[in-house]
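We begin with a single chain expressed as structure tokens, specifically the form predicted on its own.
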Amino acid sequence: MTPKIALFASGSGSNVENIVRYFAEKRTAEFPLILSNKQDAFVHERAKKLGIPSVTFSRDEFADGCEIVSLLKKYEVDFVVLAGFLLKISMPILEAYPDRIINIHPALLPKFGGKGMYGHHVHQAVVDAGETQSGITIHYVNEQYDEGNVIFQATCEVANDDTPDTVAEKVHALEYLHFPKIIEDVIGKQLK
């Protein structure tokens, strides 16, 4: 059985595209659905190009979660991957997919996590704090922002002359390199 993964994204969807292309070569997962909380997110354009249906839900529908769980069940989704998704996952979705929801965060948790800490905000905070390292954290999702069990971390150096934009470039490189492989590893272990 090939596992089915639903991808959730709020923005451009560059990680979504990277993940789908990684698995397309291996044929070790299917992507029946992409979900977003933003109608105008560029991820919908990427979804069209990739030939994957995409759906937008309102903040209230995400908070309630029941309609989303029904949709995920309809598409026989086995795992959920958050790839630049900004809303907190509601209890009905967490309960339907225990230890089967994976997120990536653009910093080394537990530092620079929590509500409001995403994208540029994270990289700005890293630079402002004078950190010498940043990186990515791939973790399971629980009921709190960025507090689920850590699966994997990778680091990059933050130089004295780095800006939030240059840190972002380094972190994105780590995301593209590691996220698909870690998803593959997690799914492989859970399906054994």
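Source: prediction; values computed, not measured. Just count from 1 along the sequence shown to find any residue number.
Not pictured, yet referred to below: the form predicted together with a small molecule.
Contact with the small molecule in the model of the complex holds for none of 115, 144 and 147, as no heavy atom of theirs lies within 4.5 Å. The small molecule is not drawn, but in the model of the complex it has a heavy atom within 4.5 Å of residue 172.
In the model of the complex, the small molecule sits beyond 4.5 Å of every heavy atom of residue 109.
Contact between residue 72 and the small molecule in the model of the complex is not found at the 4.5 Å heavy atom cutoff. Contact annotation: residue 80 falls outside 4.5 Å of the small molecule in the model of the complex, judged by heavy atom distances.
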